[in-house]
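In the block that follows, a single chain appears as structure tokens, in the form predicted on its own.
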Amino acid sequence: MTRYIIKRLLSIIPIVLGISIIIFTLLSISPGNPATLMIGREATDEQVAVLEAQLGLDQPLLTQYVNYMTDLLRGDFGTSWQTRGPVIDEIAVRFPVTLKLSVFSTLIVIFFGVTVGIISAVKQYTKLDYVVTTSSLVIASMPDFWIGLMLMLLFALKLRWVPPYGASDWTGYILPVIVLSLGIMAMVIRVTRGTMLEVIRQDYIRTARAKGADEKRVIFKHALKNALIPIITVIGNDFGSILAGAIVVETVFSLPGMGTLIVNAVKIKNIPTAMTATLFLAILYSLVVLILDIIYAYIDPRIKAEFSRRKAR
């Protein structure tokens, strides 16, 4: 297991390298001059040239990229071209907001998505099942920003139950968490329902029922345990969707998180901030996937046995 973990950690390096190349290339070839955007259109050519030299924009693109990655390996995460402060300080302030948003959304997705999916599978072809499957399809087809705007109009502007924007207290997270979790929850419901239906039709489930086992024990101990791996896989992959969706949700609700930090950095081509913030989220997602792989080994004895055989060799 230790060897596998080290191997997976090393595999993160080419992933981060590839993402950094793509992000840097897209930001560099996008329209606009960062120096002009920072100073303003009224700036003279001399002022722009001086600022470009200070930021290193007068160097070839390859040199700029190599310099950034070299500083990154040394522990220097760059200086924001907008605030002139360390990028890591901005991430330290913004990341807790995104972390709260992502964790709360993931917990809601796990609890309601798995629970409703199990109930829908057990109550197959009932009115409840039809309502759940139809609702999940409808919700999954709605874009997050549209759901956010509709909920904001109803609960924030008309009913005034929650604030329309910001995160001054816990009520500011209610609508963003709901919006971020709805679409992913619909997907988890469908996957849980389909996986549970496949498992409860297996022979060992029929045998357990024939022996007089309690239905709750059959569903939660036998069926759910063997259906967990596909469900966990979907939830783990959806964590990346939650991080990506946080960019949209934070923008809609004006939350001071990583999403708004990246969006604002891209607008003015603040390359160090956009690069470092995106790479930070990419590494975080890679670590989450690694944790899920470790969880697999403890849920499925077959995977754990495979690790044992590799270790023996």
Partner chain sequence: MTEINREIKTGRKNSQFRAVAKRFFKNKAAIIGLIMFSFILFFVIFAPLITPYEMAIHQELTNDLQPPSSQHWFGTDDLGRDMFARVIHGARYSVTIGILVTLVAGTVGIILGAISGYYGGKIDFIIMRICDIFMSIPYMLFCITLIVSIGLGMKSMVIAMCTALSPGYARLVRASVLSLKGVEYVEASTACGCSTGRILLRHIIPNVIGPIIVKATSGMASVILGAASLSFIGLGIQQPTPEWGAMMATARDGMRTAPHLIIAPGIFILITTLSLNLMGDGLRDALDPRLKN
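Numbering follows the first chain given and starts at 1. Everything numeric here is computed off the predicted structure, so don't read it as measured data.
The protein also exists as the form predicted in complex with its partner chain; that form is not presented, and the subsequent description refers to it.
Interface residue among Leu182, Met152, Ile231, Ile110 relative to its partner chain in the predicted bound form, by the heavy atom within 4.5 Å criterion: Met152. Screening 95-103, 80-88, 171-179, 119-127 for residues having heavy atoms within 4.5 Å of its partner chain in the predicted bound form returns a single hit, 119-127. Contact annotation for Ile19: at least one heavy atom lies within 4.5 Å of its partner chain in the predicted bound form. Residue contact check for Thr278: one or more of its heavy atoms lie within 4.5 Å of its partner chain in the predicted bound form. Taking non-hydrogen atoms only, Ile23 approaches its partner chain to within 4.5 angstroms in the predicted bound form.
The closest heavy atom approach of Ile262 to its partner chain in the predicted bound form falls within 4.5 Å. Looking at 252-279, the residues that come within 4.5 Å of its partner chain in the predicted bound form, counting any heavy atom, are Val252, Ser254, Ile262, Val263, Val266, Lys267, Thr278.
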